[in-house]
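Each of the two blocks below gives one form of the same protein chain as structure tokens; they are labelled structure 1 and structure 2.
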Structure 1
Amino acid sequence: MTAIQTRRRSSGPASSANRIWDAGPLTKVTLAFALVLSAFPIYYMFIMATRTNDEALDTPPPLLPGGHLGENVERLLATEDAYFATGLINSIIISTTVTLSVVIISTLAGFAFAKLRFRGSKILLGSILLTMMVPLQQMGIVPLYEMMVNLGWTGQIQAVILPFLVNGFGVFMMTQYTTQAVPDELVEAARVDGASTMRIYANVILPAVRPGMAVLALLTFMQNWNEFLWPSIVLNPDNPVVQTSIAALNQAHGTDYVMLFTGTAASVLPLVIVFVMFGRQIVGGLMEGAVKA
């Protein structure tokens, strides 16, 4: 199977013998349609952010940008009680911290599970797989809340950081990735040269699993950027994360549609920009990660 694969890779995405690899008109229409559907809600979000509240309720709804973006942004930032800027900053801090932690811890554990032999490793890895099925958000809600109350951490962002510092999916993914990305021979060769385990980790493993780490980082960052349930319970309205801040806007200023949409657009803008800038790498990494993991 490996041999076949190699040949396919070398012979390009398709061999001319089989016409089914040519995109027919149906394929093109499907893809164009999917593209429009994918882009439309985001487009609509930005359109609404440039309109007035009256226009927002028109039927049919406006489909072209208006000229009110500036005033909507001003109003959003002037709406102190949504703490939108605080929410953005908190989310960046939380997502970055958690991402760093998950990536580092997962890479370490992934290395051990993939390339080292130790007693109980199978059981430990199996237990991680099991824990992936535990709905921690729901099952942890009561005890974690009591824990944060007792620590006096409710309303503070470490309450949102701590429970997410590890993630079974990350370990599982890095184990799979490391298994396939690093040939055992390299590890053995380094051993023979007298390298310690940590040196092997630093010199052999880390350089090889970087693409996997990038994918894991992206997924973890997004997951934490989107965290909603737990922050909405443990944080207070004056120190929100970006998602709860939008929810607060939606609640307290639900009639100001265009301001709400301006906030929503602002909350997705950073990720969309990163995505457009590194799109090629992200798609490449996701696909590679998917095959290896």
Structure 2
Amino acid sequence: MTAIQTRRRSSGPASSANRIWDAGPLTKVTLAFALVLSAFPIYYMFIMATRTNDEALDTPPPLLPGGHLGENVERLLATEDAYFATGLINSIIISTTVTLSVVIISTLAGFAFAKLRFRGSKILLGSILLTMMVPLQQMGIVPLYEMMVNLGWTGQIQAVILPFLVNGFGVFMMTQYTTQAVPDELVEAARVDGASTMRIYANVILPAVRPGMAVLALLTFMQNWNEFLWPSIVLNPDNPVVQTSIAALNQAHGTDYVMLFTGTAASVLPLVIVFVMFGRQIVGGLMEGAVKA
């Protein structure tokens, strides 16, 4: 039995990882080419943000950084057509607030649906799944806008925050992740030891589902950072988010390519920072889910 178990262990995820790392030269070259192809547009965007308009139109185009980044950023922040600084700050506030709310609520709901037994849990979870099948934002724009008018929130960022504080996908994702990551025996053992429900959540559930929380946080932050339709409807031009600022910048300075590149680079930079800061947790969460699947 020991030899069989040893062979089974050797044929598990570790051996799969070894097979991945032992990829041939062609696979490595293909992956490297795909990486360069994916990263080049972002690199070129940042290069253009350091150049002038005349340099941006050169043939062949420049591929090395210039010395005009500070000047371009000053012009971008000084323009009164797009209110870019205001849009950048608003997007940071909105995306961060919504991300924290979605992660906390989804983790609590995922724990409840996955590990707690209560009447009507399957019906509630099914109702949440139904909300994922219907484009609620597009179908509910008119009543949602009327609600914001009645609350007196039009033109204010809370009108963009409130509708997105809860996410059906987040609840479903954390329910599935909690079901796989936390054994029922572990919850039962904590209950036998006298732990309360909230103590089980804090000391047992949260440490186990952190990778899934990181993935959900990234997806939620990106979704709200890139949101355009609802903010363009409910916010005023002088109090925008970063995506509506870029749209206004394109309308007012459509031929100023360097300013457009600078604005786009500034809008992408926070997402790059999030990837750099939480990349390990995000990859760990994706890989752990893949191994469990």
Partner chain sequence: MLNTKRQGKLAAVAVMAATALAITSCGSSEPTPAAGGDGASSAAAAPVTITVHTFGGGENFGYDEAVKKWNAEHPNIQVKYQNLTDRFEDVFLPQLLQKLQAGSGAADIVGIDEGAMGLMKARPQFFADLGQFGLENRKADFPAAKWENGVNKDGKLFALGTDIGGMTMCYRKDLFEKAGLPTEREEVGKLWPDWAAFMEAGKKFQAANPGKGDPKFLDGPNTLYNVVLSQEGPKNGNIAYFDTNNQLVIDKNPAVKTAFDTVKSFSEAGLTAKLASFTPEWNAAIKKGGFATMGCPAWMLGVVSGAAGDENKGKWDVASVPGGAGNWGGSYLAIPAQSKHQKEAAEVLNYLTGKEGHIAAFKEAAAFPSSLPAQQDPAVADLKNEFFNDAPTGQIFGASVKDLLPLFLGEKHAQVKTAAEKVLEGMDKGSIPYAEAWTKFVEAGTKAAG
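If you superpose the two forms and keep the largest set of C-alpha atoms that fall within 1.5 Å, you have the rigid core. For clarity, every value in this text was computed on a predicted model and none was experimentally measured. Residue numbering: structure 1 sequence, from 1.
Quick check: structure 1 or structure 2 for the form predicted on its own?
Only structure 2 fits here, because that chain is the form predicted on its own.
Quick one: once the rigid core is lined up, does N239 have its C-alpha move by 2 Å or more between structures 1 and 2?
Shift at N239: below 2 Å after core fit.
Comparing between structures 1 and 2 on the rigid core, is the C-alpha shift at F40 2 Å or larger?
Result for F40: yes, a 2 Å-plus shift.
Take the rigid core as the frame of reference and indicate whether the C-alpha of N53 shifts by 2 Å or more between structures 1 and 2.
Yes: N53 shifts by at least 2 Å between structures 1 and 2.
Align on the rigid core first, then pass along the CA displacement of T30 between structures 1 and 2 in angstrom.
A shift of 4.8 Å at the C-alpha.
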